[in-house]
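Same chain, two versions here, written out as structure tokens and called structure 1 and structure 2.
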Structure 1
């Protein structure tokens, strides 16, 4: 056996349907309890605890205790990035769930991908930033241009503060529904935060759906135009 990263072990952890449902639920960026994750996975609390223990040991979760409750969240942006990529791969390969929920169209329009904007609105944001030369590709990475930094600062995003943080500033994330890129990293998180601060958009606390108000959608389209 050759030495190197054990992708088979990580894949096995994610590949179990119950664990996959739990991880998907945590893509909202919200920490959930064992009972909440058990409900998401359709298993008993005892079974959910066993699954969560394995995911924690595998480095995919970050458990936190507050009062009498223990909460679980994704361990890092890297985990969310991999999960979103797998969703895109599954969708592109035709592996889709046959039962489509009533909010499926809303999820495709705009949703939270861990802590940044995904769906049609997310890809529009990314495409517009590229088209306006606020972001550019640099090999396999994307970078914020000088003009892009000035644009973000005018939008009251503290770029200097983001650069000092440990998280990557800009990251390209494959959107599972659009099968195109959306913006992840601390800048992606900051943009979503500003949309919420300005009341352009609001997260549904029970789902990953992000709903834009009529005023917010108009302002968003004006600020991030794209050629369709």
Structure 2
């Protein structure tokens, strides 16, 4: 029996139910403590601690200590991306269509993907920003146009501030429920934050579901129209 490729090692880390539950909980982009993650997984704190150590060593998580509390977040966008991909496979978007439950429909409509908006609403945002030429493809990158920067500033997003930070401003993130791109990067995160500030959308504290109010959805559709 040959030694497996490294993908076996990474996949095996995700392939344990307790660890998968914890990773899924972290898809919201929040960092959670060992105790919180133990609860998410439904195991004792000592078991959770052991699992988290493995995920850390495997490069999937990033720990941060604050006094007696130790917080874990996903290590990177890439981890989130792979988890999204696995969700797509698990949902049978590969080639068999599974029955969709109510929660699934909500997640498909709008959900948090590592702090930015994903799902139908997420891809609508991206498509509209492209269509209105606020974003454009520049060969290998997505860049914010001048018109886009002005638009964002009018929407009270501090573009200069975002540009000063280390995080990339715009990134494409392939949305596995929609099979198209949604906007990641600090701008994507800023948009979601703004939708919350305006009470257009509300993040479910327990899941990744993002719920748009009727008023918020109307405002969103007005501001981010797409030809569909």
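Just so it is clear, the model here is predicted, and its values are computed rather than measured. Note that the rigid core is defined as the largest set of C-alphas that superpose within 1.5 Å between two forms. Residue numbers count along the first chain shown, from 1.
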Structure number, where the criterion is the form predicted together with the DNA: 2
Core superposition between structure 1 and structure 2, C-alpha change of residue 193 at least 2 Å: no
Large Cα move at residue 155 between structure 1 and structure 2, threshold 2 Å, rigid core: no
Core-superposed C-alpha of residue 20 shifting 2 Å or more between structure 1 and structure 2: yes
Value in Å for the CA shift of residue 51 between structure 1 and structure 2, taken after the core is superposed: 2.5
Core superposition result - C-alpha of residue 11, shift between structure 1 and structure 2, Å: 4.8
